[in-house]
Ligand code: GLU
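A lone chain, given as structure tokens: the form predicted on its own.
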Amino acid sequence: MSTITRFAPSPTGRLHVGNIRTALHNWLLARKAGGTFLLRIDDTDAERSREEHVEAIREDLAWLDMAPDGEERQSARLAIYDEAFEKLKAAGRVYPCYETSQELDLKRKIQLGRGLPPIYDRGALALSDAERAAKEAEGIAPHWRFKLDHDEPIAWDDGIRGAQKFDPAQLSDPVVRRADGSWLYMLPSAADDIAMGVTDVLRGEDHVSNTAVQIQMFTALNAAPPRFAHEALLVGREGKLSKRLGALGCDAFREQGIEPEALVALLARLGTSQPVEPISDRDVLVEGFDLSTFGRAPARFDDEELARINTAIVHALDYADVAHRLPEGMDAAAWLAIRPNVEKVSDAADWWSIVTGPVAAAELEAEDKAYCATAAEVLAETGDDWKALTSTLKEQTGRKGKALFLPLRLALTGMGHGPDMASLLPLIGTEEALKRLERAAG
């Protein structure tokens, strides 16, 4: 059977780092098996869903080079959910309920006060046909719950957590349809997984109890459940994912100058026993993806680690990869010279402005000014050959080390650090370098 995974975001906002990680792991799982990765837009909440968020989700996946092999939208699949609902209704697996939210809150408080789990007491099942008719005559429209089978435990072999077992009597019969006819998450998701042929559901551990319920839904709909795996959730360095980190999306990462390859390299292995490394070759990440390497401990997202990975990725980017993002006039030689000194591709513009000038006048001591005057005379003979320039100056002045190199760097770039001068000087050029040395000499 071909592996089919899905990523199912709700278009109520931008994708954040947790969503991105879920999407990536489903993409990797499908690619590792030579299978299919599907995007399902869960837009049944018409009030909160926005078309601009749908477009943003597509754009983000494209930026991450994770374009899906197919796309479905729940708002276009309502007939499928109606059919599943009617099937469950005919089998007696869904039933109408008439309690208000206030009445349900009161029931939960009473149960908690008695030391009981705050699950639905199935009070609606005790209503007679006449009582149900009376409520509907009063204008009370029912919401609908899925009736869990209490006869045997719900069990499955989780791809990450191992053997799982739930007592269905300790779970509430979930509401699947609101009184206004709109859908909640549970039933449409299960119906879609059946109709779309999803074979593997990989999601956060906060869905474990949902899985227990949905396994019974699959069975009630005469379908085999997919394979389930639940990964640990992301946390920050301090142990909880802050609102700032939790809100970070692809748009924010792009604004920060983060390369998509860096984000993928970090999130691909976060929470696993494999080392997080600056791997830009997607095939390597695909080949190494293995659910057995995932741990149960929370996965720590560290933005400093992301910055470190990003810098390493940038340092390996070829000119052809970044040419369209570099300042006008900056060629391959310039990129290779400047690349070791940038953390983000956008930093190249700052160094290129030093090459093209003007640069801030260096503040030098009198003896260093005289040294720059000598350097200008030597440069007129050696041209933009940094090694010839410094070797000659060393012989003529007796200077070495910092005293030999630093005044030249300050005069030529206005900075006390930066790219290798042997590569930078030819970019500045002999004529401009002479002007800078002469100006530094006063």
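All residue numbers refer to positions in the sequence shown, first residue = 1. What you see is a predicted model, and the numbers here were worked out from it, not measured in a lab.
Missing here is the form predicted together with the named molecule; even so, the following discussion is about that form.
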{"query": "Residue stretch of 155 to 163, 202 to 210, 332 to 340, 137 to 145 approaching the named molecule in the model of the complex, non-hydrogen atom distance within 4.5 Å", "finding": "202 to 210"}
{"query": "Residue 430, heavy atom within 4.5 angstroms of the named molecule in the model of the complex", "finding": "no"}
{"query": "Heavy atom of residue 9 within 4.5 Å of the named molecule in the model of the complex", "finding": "yes"}
{"query": "Partner contact for residue 189 in the model of the complex: the named molecule, 4.5 angstroms, heavy atom", "finding": "yes"}
{"query": "Residue 319: touches the named molecule in the model of the complex, heavy atom cutoff 4.5 angstroms", "finding": "no"}
{"query": "Selected contact from 409, 53, 40, 31, since only one has a non-hydrogen atom within 4.5 angstroms of the named molecule in the model of the complex", "finding": "40"}
